[in-house]
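The chain below stands alone and is given as structure tokens, in the form predicted on its own.
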Amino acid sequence: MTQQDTIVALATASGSGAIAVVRLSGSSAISIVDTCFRSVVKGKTLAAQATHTIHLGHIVENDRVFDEVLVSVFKNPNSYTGEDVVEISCHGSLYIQQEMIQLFLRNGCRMADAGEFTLRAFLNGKLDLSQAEAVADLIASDNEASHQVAMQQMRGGFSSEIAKLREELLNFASLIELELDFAEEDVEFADRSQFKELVERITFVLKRLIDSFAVGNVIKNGIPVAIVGEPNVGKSTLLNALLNEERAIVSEIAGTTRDTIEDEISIGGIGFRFIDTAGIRETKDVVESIGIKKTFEKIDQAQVVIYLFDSVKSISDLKTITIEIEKIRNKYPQKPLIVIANKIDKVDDISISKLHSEIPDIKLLSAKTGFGVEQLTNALLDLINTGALRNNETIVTNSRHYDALLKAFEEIQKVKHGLETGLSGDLLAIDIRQALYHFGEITGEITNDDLLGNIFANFCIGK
């Protein structure tokens, strides 16, 4: 992408609203807007104004007035992109937005590509690559946890940790490379004991960051939870209770839910996607059979399974329930299973004691009254290790970063083995350079056009 031209795009969401913001960036941004701007202060020009100032006036073309606007001026290098940037706050009419953008296109701008404003910020050194990717994550964040992680990364928490390790490793790499120039004199510039300590420290940090991806992936993408059980045990009622709205149809007729119903809520800042499935039973109904097949597909996709049963109907035959529970555990041994006895408001204390004795880890619930729903949400949160989030530690959420960290870890392990076996400096240097390469991939110190194209193509236009 060329950086010589001036780009324009709508910076706010498309559609009508109270206001819209049209953004320009490039060497001619201020002069282009100046040709179309008439300040309420006679004779005022934007080019003569200080950076980070706002000006009231009208956008005009010849004698035609488009709108009364506020124009914000940000002069290079102190702007988001590092170039001259102008942001025009206008009324949020779709017509005004489009007419104004067309006006600037006629006066020398071109439409910005997806993510091009942030790409220019990266190319001009305002953000490193991991910070630039965090901008997209911040825009996409839909719960407290994903917002917190994206903000930390955008502020440079992750990249500063990587940059520090890379700098220390680079210093040792330089000393080892220097040794190669004096190979005949058999001198050692890099203290091997200090280098071993550094490699151990890097190994520890990399392992922590790699392990954090399990939590980071959950935070970014949410946790799919399948609610399963026989027909008419209250699965849809539980979904409605969790969502606090009538999302699913509830009736006394068994087999009401014939397809999966999904919705998302945030619990403790973590996103959960609950999937209400068709009741599992033997049936000759073709449509219901398709729904039951989908139920097992959703269990395969889910990270957590909630098995719900009717405590009133099942109290006399708990053995059948325990067999069903074991079937699910055996089929999905890696998935956490939460077993819930529903309609607990309709059974007595003796029955409750029997439930506890037969199924020790059972949870009691009345989806209809809401009893036990809070205990269920707490149990779901307990399945996630949010300690790193609470302690404001660096959490990896980006699969590209995760892949680069794994490769860097592999190279560092080679360096560690080389130090332990007394590997020659020239071979050590090769492994160190590879580790440095993968560190640089994360922050963008080492990159290529294809990588940048893939990353910024996922951005919205105007950011």
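Keep in mind that this is a model prediction, so the values were computed, not measured. Sequential numbering from 1, following the sequence displayed.
In what follows, reference is made to the form predicted in complex with a further copy of the same chain, a form of this protein that is not presented.
The partner is absent here, but in the predicted bound form a heavy atom of 143, alone among 217, 76, 143, 203, sits within 4.5 Å of a further copy of the same chain.
Scanning 96, 337, 210, 241 against a further copy of the same chain in the predicted bound form with a 4.5 Å heavy atom cut-off leaves one residue, 96. Contact check for 160, 193 and 406: none of the three has a heavy atom within 4.5 Å of a further copy of the same chain in the predicted bound form. Although the partner is absent here, residue 383 sits far enough away that none of its heavy atoms falls within 4.5 Å of a further copy of the same chain in the predicted bound form.
Among heavy atoms of residue 66, some come within 4.5 Å of a further copy of the same chain in the predicted bound form. Within 4.5 Å of some heavy atom of a further copy of the same chain in the predicted bound form lies at least one heavy atom of residue 139.
Using a 4.5 angstroms threshold between heavy atoms, residue 14 counts as touching a further copy of the same chain in the predicted bound form.
Comment: 143 to 151 is the region of 302 to 310, 337 to 345, 218 to 226, 143 to 151 lying near a further copy of the same chain in the predicted bound form, near meaning a non-hydrogen atom within 4.5 Å. Applying a 4.5 Å heavy atom cutoff to a further copy of the same chain in the predicted bound form picks out 52, 53, 54, 58 from 37 to 63, in order along the sequence.
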